[in-house]
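First, one chain by itself in structure tokens, the form predicted alone.
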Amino acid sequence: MGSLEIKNFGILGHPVGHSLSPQMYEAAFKAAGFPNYNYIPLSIQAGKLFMAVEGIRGLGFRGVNVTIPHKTTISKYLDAIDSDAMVIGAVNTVVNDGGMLTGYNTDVSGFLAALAEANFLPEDCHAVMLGAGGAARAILWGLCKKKAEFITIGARNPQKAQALANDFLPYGHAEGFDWHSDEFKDMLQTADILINTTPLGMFPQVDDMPPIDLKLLPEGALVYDIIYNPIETKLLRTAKELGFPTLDGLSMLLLQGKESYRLYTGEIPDMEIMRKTLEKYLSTK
């Protein structure tokens, strides 16, 4: 398997100390018989990004994952960008082929694969999405790709929500709302799925949740939170208590990781090992 060859991977972000990617990939590399594959957290401040990308080239890193705050800015330093990353306007995976750096966005395939695992088909659905930030763009693109009939975007800032909807006009039907407005509350009543893309409820602020009345949702609507730390957010706990089916963010994290791993190695990782590793680290937090 060429396992004695040293290959380096990493995650670029600032901060990166909270990232679980190193544990997840190291466990997968070890299980696949790649003991000389290293995965290194690389804390890079915004102004140093160009130097960091050149460093990846110079040091011969095989690939890196990219997280906040570099997902949108890194594109201009790469040689090529995959079509998903181009539409979303964000890169979360960079593959180095002999000095040629290509950017990908595996969040969209991770999101869609997680929905498929939950037996939810986005085709012709009415999706309500909370938040209009970076994560929302990949989710919105996934819904457009799968031909969701209508996407309602609810956010604290309705101008930002509408601007996001306008960006995707060529691809699907979306509209932005203030999530406190009566119009938005009306939209909740016909939702097939509610997706939280905001950080509300993420560790350590685990008592937060988006200001949404879940009782307005129709029976059987899927409530999906892409946060994975904690695995069960206050939003999901509340939804479960009300009898709604729920989906947590761990599947999307694992499945986007699976796609990045495939881009890096050409192989499919041991998903069970990756899941157990993440669950172990999350349960100790």
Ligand code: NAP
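All residue numbers refer to positions in the sequence shown, first residue = 1. Remember, it's a predicted structure, so these values are computed and weren't measured experimentally.
Quick note: we don't show the form predicted together with the ligand, though the next part is all about it.
Spell it out for me: taking the ligand in the predicted complex, does every residue among T197, L200 and M252 have a heavy atom no farther than 4.5 Å from it?
Yes: T197, L200 and M252 each sit within 4.5 Å of the ligand in the predicted complex.
Exactly one residue in K146, H126, R156, K185 has a non-hydrogen atom within 4.5 Å of the ligand in the predicted complex; which is it?
When the ligand is considered in the predicted complex, the option within 4.5 Å is R156.
Of P122, G103, G176, G131, which one comes within 4.5 Å of the ligand in the predicted complex, counting heavy atoms only?
Contact residue from the list: G131.
Where does the ligand sit in the predicted complex: which of 49 to 57, 214 to 222, 227 to 235, 36 to 44, heavy atoms within 4.5 Å?
Every other range fails; the passing one is 227 to 235.
Does the 4.5 Å heavy atom contact test between I68 and the ligand in the predicted complex come out positive?
Answer yes; at least one heavy atom of I68 falls within 4.5 Å of the ligand in the predicted complex.
State yes or no: in the predicted complex, is some non-hydrogen atom of V87 no more than 4.5 angstroms from a non-hydrogen atom of the ligand?
Contact with the ligand, no.
Even though the partner isn't displayed, in the predicted complex is A135 close enough to the ligand, meaning a heavy atom within 4.5 Å?
Yes, contact at 4.5 Å.
Heavy atoms within 4.5 Å of the ligand in the predicted complex is the criterion; list the residues of 106 to 123 that meet it.
Heavy-atom contacts to the ligand in the predicted complex: only D107.
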